[in-house]
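The chain that follows stands alone, in the form predicted on its own, written as structure tokens.
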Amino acid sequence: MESKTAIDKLLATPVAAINLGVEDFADNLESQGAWVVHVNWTPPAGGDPEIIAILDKIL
């Protein structure tokens, strides 16, 4: 009988995830029985590079 490798052990454990941003990803994982923590995150300043540069200067 073969001993289990580290990857075999990893794949045999339940999935746990931290989801950032898109809530549908968390919903899909949960519907498959995964333990999920969803973080409602968006990029600073909506991802606008000019506004981010301004914020970087004042922070």
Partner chain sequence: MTGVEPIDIKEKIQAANAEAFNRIVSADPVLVDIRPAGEVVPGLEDRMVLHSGPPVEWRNMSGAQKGAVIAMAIFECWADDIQSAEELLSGGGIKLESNHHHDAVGPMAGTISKSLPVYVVENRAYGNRAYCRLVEDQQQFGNYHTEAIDGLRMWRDVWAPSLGQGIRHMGGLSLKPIIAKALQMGDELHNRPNAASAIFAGAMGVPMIESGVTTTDLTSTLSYISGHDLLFLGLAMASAKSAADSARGIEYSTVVTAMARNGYEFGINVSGLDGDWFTAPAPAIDGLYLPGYGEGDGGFDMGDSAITETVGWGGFALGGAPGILSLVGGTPEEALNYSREMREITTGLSPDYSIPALGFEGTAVGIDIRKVAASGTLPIIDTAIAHKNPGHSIIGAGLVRPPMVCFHNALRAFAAKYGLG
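Residue numbers count along the first chain shown, from 1. These figures come from a predicted structure and were not determined experimentally.
There is also a form predicted together with the partner chain; it is not shown, and the following applies to it.
The partner chain is not drawn, but in the model of the complex it has no heavy atom within 4.5 Å of D24.
Contact annotation: D8 falls outside 4.5 Å of the partner chain in the model of the complex, judged by heavy atom distances. Proximity of A45 to the partner chain in the model of the complex: non-hydrogen atoms within 4.5 Å are present.
Proximity of I18 to the partner chain in the model of the complex falls outside the 4.5 Å heavy atom cutoff. If you take 28-58 and check each residue for a heavy atom within 4.5 Å of the partner chain in the model of the complex, you get T42, P44, A45, D48, E50, I51, I54, L55, D56, K57, I58, in sequence order.
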